[in-house]
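Single chain ahead, written as structure tokens, the form predicted alone.
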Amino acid sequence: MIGRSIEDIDVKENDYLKNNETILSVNNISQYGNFKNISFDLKKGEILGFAGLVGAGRTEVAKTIFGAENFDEGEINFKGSVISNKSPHEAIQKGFAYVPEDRKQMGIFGSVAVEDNITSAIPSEISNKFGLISKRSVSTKSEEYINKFNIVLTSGRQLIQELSGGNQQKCIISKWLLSNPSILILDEPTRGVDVGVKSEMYEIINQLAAMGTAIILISSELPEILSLAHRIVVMREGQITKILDNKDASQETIMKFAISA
């Protein structure tokens, strides 16, 4: 359908990576019972993959960085300052965005129109001076991304729950891109979508990195991780067992560190 195997897609380098600018440093954070001593750096324009078996703690780490869960020890440094995101709202204000693994439960408002979903993370930008939502702003801002990502729908007022899984996922990513994030966390972003949409998603992710967005990519699909991530963090039972450069990584190498310390 896309003319070549997804496994043959090469990792894209970009100009931001050449500057080697660290935007996020996670230092020995622990959440009792879920993960321990997690440390890594994330650079501007980098796609940092997180691999591991189910239950390795990848999603819990992501939620903690985004402020959806607390951590008990350690430190998070963002753009040179120590931070503690106490809630997703606080994280969003700082420039974090999170596309969750559970699309239907956490990613969308199912019985709400597509354009209202897409603009739901930027209330101040779609409101007038009296605090009332401007329908024109909602339509204008959502239409840009509906066109950019080729979202298939009947109109912007169609309920998002009526769209296919792939088009719902595009809407979720559109929502967060409207917030202009510095860091985008993608948790299983292509789960449940067909191969054509998956290819489109890969293009979007690479384009975002090329624009300087720092991306944390959690995926259970090793070909996906190897096709997109510049570096790969491997986790096992709540701990990091290895951080690999893409050129040194293979499915066999990743699995070796995912099943043994």
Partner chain sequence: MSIFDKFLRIRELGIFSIIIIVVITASIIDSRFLTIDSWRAVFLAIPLILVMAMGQMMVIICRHVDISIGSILAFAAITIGFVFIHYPNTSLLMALFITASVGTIMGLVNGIIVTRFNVHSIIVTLGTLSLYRGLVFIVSGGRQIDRNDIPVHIISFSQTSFLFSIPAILILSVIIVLITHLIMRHSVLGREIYATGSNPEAAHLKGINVTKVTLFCFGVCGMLAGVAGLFYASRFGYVNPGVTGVGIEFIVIAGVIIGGTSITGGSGSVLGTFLGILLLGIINVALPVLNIPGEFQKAIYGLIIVLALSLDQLIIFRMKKLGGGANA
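The model shown is predicted, which means the values in this text are computed figures rather than measured ones. Residue numbers count along the first chain shown, from 1.
Omitted from view is the form predicted in complex with the partner chain, to which the following refers.
- For the chain shown alone, residue 34 is a contact residue for the partner chain in the predicted bound form, at least one non-hydrogen atom being within 4.5 angstroms.
- Taking non-hydrogen atoms only, residue 223 never approaches the partner chain to within 4.5 angstroms in the predicted bound form.
- For the chain shown alone, residue 192 is not a contact residue for the partner chain in the predicted bound form, no non-hydrogen atom being within 4.5 angstroms.
- Contact check for residue 72: a heavy atom falls within 4.5 Å of the partner chain in the predicted bound form.
- Stretch 52-60 is the answer when you ask which of 204-212, 52-60, 37-45, 223-231 has residues with heavy atoms within 4.5 Å of the partner chain in the predicted bound form.
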